[in-house]
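One chain is shown next in structure tokens, namely the form predicted alone.
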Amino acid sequence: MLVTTALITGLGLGSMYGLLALGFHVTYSVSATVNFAQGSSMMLGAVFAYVFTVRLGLPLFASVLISLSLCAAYGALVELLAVRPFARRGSNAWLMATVALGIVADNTVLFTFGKEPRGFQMAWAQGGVDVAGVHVSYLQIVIPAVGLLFAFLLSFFSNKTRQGKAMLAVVQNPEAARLMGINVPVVICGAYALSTAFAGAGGILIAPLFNVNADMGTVFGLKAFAVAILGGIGSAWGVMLAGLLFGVVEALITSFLGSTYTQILTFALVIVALALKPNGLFGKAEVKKV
């Protein structure tokens, strides 16, 4: 029963890591840059949903749509202010700029929303079913399902649609893409908006399981980046499967050895895995033409 409980918990957590890692995958696949404010985007999704649902009394569906739209707008702002000015000059300063903008978002929420954690319960998530003698809430079923669905839709869009292929063409040869009529800045900005919407969705889904507060996304963001690298950041399915694997391993370690060893052992295993497979568990070595 302990193993079953750990597996169920791990799949839920892993799906959250996977959703945030999908955001890293989207921006990297389109622009070869990543948004290190992903953790803040996750936090914003949870905080927005809480404010619109609990404080303003809006229906949950409307709150989710508004929250994801605001998260997408935040992502576009990150690209415009913290990435584009530096990337245009060939500078890697966007690394620190995205971190700084995430810190600004965290502290803005801290001063306006408050530092006290708040519970966010959703009525539909209270029920559940019994699996192998373990009670599983509907939310614990929905979270992995949503994560896998998003990975499928993103993979399908990128590889099977004209618009998705156009987005992938941007990172390979921006000038050629521009000559083909692709608006490169708009595509990159859209990728950042999509990436933060993924993170916001993760925050909304995880909010009933964790208290909503300004710092909730920090650790999730770090783990999600580790997951993105572990899975092979260029593969949507890879990062999602790596997220599930990371979450399950983390839950098993916590259940059998205690939370003291969780971070030590999980990140040690990540280092070992990357030492054996530098391109990630599901990634492919980049082919460079000379």
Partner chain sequence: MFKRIVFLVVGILAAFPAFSQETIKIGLVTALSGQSAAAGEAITRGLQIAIDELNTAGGVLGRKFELVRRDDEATPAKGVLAARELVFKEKVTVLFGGLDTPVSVAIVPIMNEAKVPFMGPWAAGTPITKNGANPNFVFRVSAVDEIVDKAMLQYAQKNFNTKKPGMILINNPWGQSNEAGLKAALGAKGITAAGIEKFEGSDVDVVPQLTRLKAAGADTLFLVGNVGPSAQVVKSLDRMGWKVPIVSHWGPAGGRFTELAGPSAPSVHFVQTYSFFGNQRPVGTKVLKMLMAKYPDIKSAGDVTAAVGVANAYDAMHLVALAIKSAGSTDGEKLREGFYKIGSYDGLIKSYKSPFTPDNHDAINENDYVWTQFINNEILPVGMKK
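Positions refer to the first chain, counted from 1. Given the structure is predicted, the values throughout are model-derived calculations rather than measurements.
Not on display, but discussed next: the form predicted in complex with the partner chain.
For residue 206, a non-hydrogen atom is located within 4.5 Å of the partner chain in the predicted bound form, even though that partner is not displayed. Proximity of residue 48 to the partner chain in the predicted bound form: non-hydrogen atoms within 4.5 Å are absent; the residue sits far from the partner.
In the predicted bound form, the partner chain sits beyond 4.5 Å of every heavy atom of residue 56. Taking the partner from elsewhere, residue 219 is found to have a heavy atom lying within 4.5 Å of the partner chain in the predicted bound form. With the partner chain omitted here, the record of contacts in the predicted bound form names 210-218 of 148-156, 210-218, 68-76, 188-196, defined by a heavy atom within 4.5 Å.
Taking a 4.5 Å heavy atom cutoff to the partner chain in the predicted bound form, the contacting residues in 246-278 are 251, 254, 255, 256, 257, 258, 259, 260, 263.
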